[in-house]
Structures are given as structure tokens and as C-alpha cells.
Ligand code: HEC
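Below sits a lone chain in C-alpha cells, taken as the form predicted alone.
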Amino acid sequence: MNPQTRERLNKILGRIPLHVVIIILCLLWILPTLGLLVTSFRPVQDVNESGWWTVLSERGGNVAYETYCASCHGPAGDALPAADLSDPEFISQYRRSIQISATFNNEYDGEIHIPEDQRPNADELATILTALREGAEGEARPRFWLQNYIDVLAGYRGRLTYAADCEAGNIIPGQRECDFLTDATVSQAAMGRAFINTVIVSVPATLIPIFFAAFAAFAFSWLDFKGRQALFAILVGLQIVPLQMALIPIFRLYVDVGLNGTFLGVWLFHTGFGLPYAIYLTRNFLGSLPMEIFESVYLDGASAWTAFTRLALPLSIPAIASLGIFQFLWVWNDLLVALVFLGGTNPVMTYQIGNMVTSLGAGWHLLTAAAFLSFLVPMIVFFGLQRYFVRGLLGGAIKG
């Protein structure tokens, strides 16, 4: 083997560990996301019976029926006229699986219905009863549906679905009016209302720090004033101050001035704790720009305001985009600040998601739909601004 071939082979083999690590990291991110997406479109019975990876396989109820019941009752359930499992009236007698298990010790034609070593367990029996009901009614549930998202957006909590209860006329004044737009935007438990509240919180809490940070960064980078370096050092030091230290003092202050429970209070809090990093990142990016371009515009008679608006801002778009991504993701995914200053008065999505699962552990199908809704917007924002992301990070990492 000649030296050139050996060197090329060594380079290829040297890249394999890196590629393997990258593939593993991608799979660790993609597989849970895919599972969350698939589960959010599955009916609650399927979520309770099997994992998302079995979405295209035979349902558990059908498999359990074939295992324990088909040999006597037939594939369609109508082999025994006295126990016709395809008859809706006969199946309606068994509202719970425990009623079926009570017949296991009964004798038919001198034989026990189902011997102890051949009986299904409680979970399998429940899936069998669900499959029998669907078969008797002639309405098999779909593998995918949008009811989970409809229930979440409308804030539905019940045994059926929002559409089924409304079709049955189960209107609850003050909680469910069966007008989807009204229920999704007015109901206290509705994720639709929480989504609107989250947007109201996140957008101003992202734009306000960027607005002030741009002015401050330009001043720290290109304006000469007394105490500039000392003030910037203080700002850098403020990044290590945890926001938990200020929660109680600011909460008491908000109560005194009437800002507690308002969006303005949350905007101001996020602005205060977002500004140190925002100014730091933007200042470093602006400080890395060539001094000659600013000197040239000043020689042409431009003012500091013109240099800022016509030169500094357009050139700092990558840094502003990176800052916008960081700030937006932080505010959108925040629970602590929203819980302290808004609570259940104006609930946000992170607060509402915590109420999806009941104390008995039910409602996972709703939780998956709500979780997917919660990170859909951040993904759109990130991928929409990703072309500026790396440029902004590298620019902010250069000493100005």
C-alpha cells in the first residue's frame, strides 16, 4: 500500500468515531421527538395498550382475543350463539372487564370457561373488552386522529372526547360551551388560552431586552464616556446572579405597586435578567467590527444616531438573531417566573402542561399533544433564524 492510500485510509478511519457519535446524538434527539409526535396522534386506548413503535402492528386487543378467545368463540366472535361476542346487546352486559373475569370459573358443558393457567391478565382482558365493543358496534377506532389536540386546545377533561361530549349535548356553563373557539380561548384549563398567554409573554420579553441591548452595546463599543469599562464589568458580573434571589423581593414590590399577576410585571422581570447577557453578546459582536467603517461615516458627516441605525444595526443582525433565539427559548420554556408572577390567573403553556396528567397518572395522550404544541413554535423560530445563529455566536465570542 502506497503512502498516499495509507494516509487517505487513515483519514477515513479517523472520522468514523466522530460520525458514529454524531449519529448517536441525532438519534437520541430524533427518536424521542418522533415518539412524542406519533403518540400525540394516537387514541388513548392505544396509548395505554402499547408503545408508539407498535403503531403499525396489530392492536393488542385483537392479539389477545386471538390468543385467549378465538379458539372457542371463533375469529368473528359469533361461533357460540349463546355467547355471541359480535352482538352489541350481549357485549353491553359487560361494562367492565372484571365482569368478564367473574365468568372464568363458570362451567359450560361440564368444563370450566377458562382454566387458571390459560387466563388473560387484567390488562389483556381490558384490551379484549375494548376490541369486542368496537367490533360489536362496527366502529373500529382509527389509528391516528386529531382529538388529542382538540381536547388539549379546548381544555377538555372527561371520559370521552370533546367532540363526543358536545355531540351528546353535555354543555357545562362556565366550563364548556361546545363552541370550540370560545372554549379554547376562554376556558381556564384550555391550552389554546395558555398558548395565547405564552405568546403575549414571550414576544415582548424578547424584543424589549434586544431593543435596549442594541443601544447599550453600541455605546459600550463606540462611544467614549467615563466609567465605560467599569459599567461593562458590572454587567458581565451580573450574569452570574441567579434570578431566584430576586423572586421574593420583586414579588413583594409588585404586590405593593399592583404589578403582580400582570404581563407587564413578567416583561420587566425577564428584561432585567436578560439584559446583562444581551448587552454582553451584542457588545462583543459590535466591538469586533472594523473601526475604519465607523470613522469613514463620521468623516462623511454622519451622526452617532445615523451610524447606529444605518450601519451598526444592519451589521449586527446575526448577533441580534442569536440573542433573539436564546431569549425567546428561555422565556417560552420558563415555568418559575410565570408561576410566581402569573400563576393560574393568566396561565402559560408550561403551567398548563403540568396540569395535563391527573393525580392517578391518566391523561398521557393529552400530555404528548400539549408537549408537542409547546415546542413547535420554538422549533420554527430556531430553524427560521438558524442561518444567523452560528455567525452570531462566533461574532460574540470575539474580543471587541
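Whichever C-alpha set is largest while still superposing within 1.5 Å between the two forms counts as the rigid core. Start at 1 with the first residue shown and count on from there. All values derive from a computational prediction rather than experimental measurement.
One more form of this protein should be noted, the form predicted together with the named molecule, which is absent from this view; the next part is about it.
Q. Within 4.5 Å of the named molecule in the predicted complex, heavy atoms considered, which of Tyr280, Tyr94, Phe326, Tyr254?
A. Looking at the other structure, the residue within range turns out to be Tyr94.
Q | Answer option from Ala216, Ile114, Leu268, Ala163, heavy atom within 4.5 Å of the named molecule in the predicted complex | A | So the residue touching the named molecule in the predicted complex, by this definition, is Ile114.
Q | Close approach of Gln239 to the named molecule in the predicted complex, 4.5 Å, heavy atom | A | Looking in the predicted complex, residue contacts with the named molecule do not include Gln239, since no heavy atom lies within 4.5 Å.
Q: May I ask you to state whether Arg133 is within 4.5 Å of the named molecule in the predicted complex, using heavy atom distances?
A: No - in the predicted complex, heavy atoms of Arg133 and the named molecule never come within 4.5 Å of each other.
Q: Answer with yes or no whether Ala82 is in contact with the named molecule in the predicted complex, where contact means some heavy atom within 4.5 Å.
A: Yes - in the predicted complex, heavy atoms of Ala82 and the named molecule come within 4.5 Å of each other.
Q: Spell out, yes or no, whether the shortest heavy atom distance between Tyr68 and the named molecule in the predicted complex is within 4.5 Å.
A: Residue-level check for Tyr68: yes, a contact with the named molecule.
Q. Is every one of Thr103, Pro120 and Ile128 in contact with the named molecule in the predicted complex, taking contact as a heavy atom within 4.5 Å?
A. Every residue of the spot touches the named molecule in the predicted complex.
Q) Among 203-211, 174-182, 147-155, 83-91, which stretch has residues whose heavy atoms lie within 4.5 Å of the named molecule in the predicted complex? A) Looking at the other structure, the answer is 83-91.
Q: Could you list which residues of 18-35 come within 4.5 Å of the named molecule in the predicted complex, counting heavy atoms only?
A: Stretch hits: zero.
Q: Examine Asp109 after superposing the rigid core and state whether its CA is displaced by 2 Å or more between the shown form and the other one.
A: After core superposition, the displacement of the Asp109 C-alpha between the shown form and the other one reaches the 2 Å mark, so yes.
Q.
So that I can tell if Cys69 moves, could you say whether its C-alpha shifts by at least 2 Å between the shown form and the other one after the core superposition?
A. True for Cys69: a C-alpha shift of 2 Å or more.
Q.
My question is whether Ser92 is one of the residues whose C-alpha shifts by 2 Å or more between the shown form and the other one, given a fit on the rigid core.
A. Yes, its C-alpha moves 2 Å or more.
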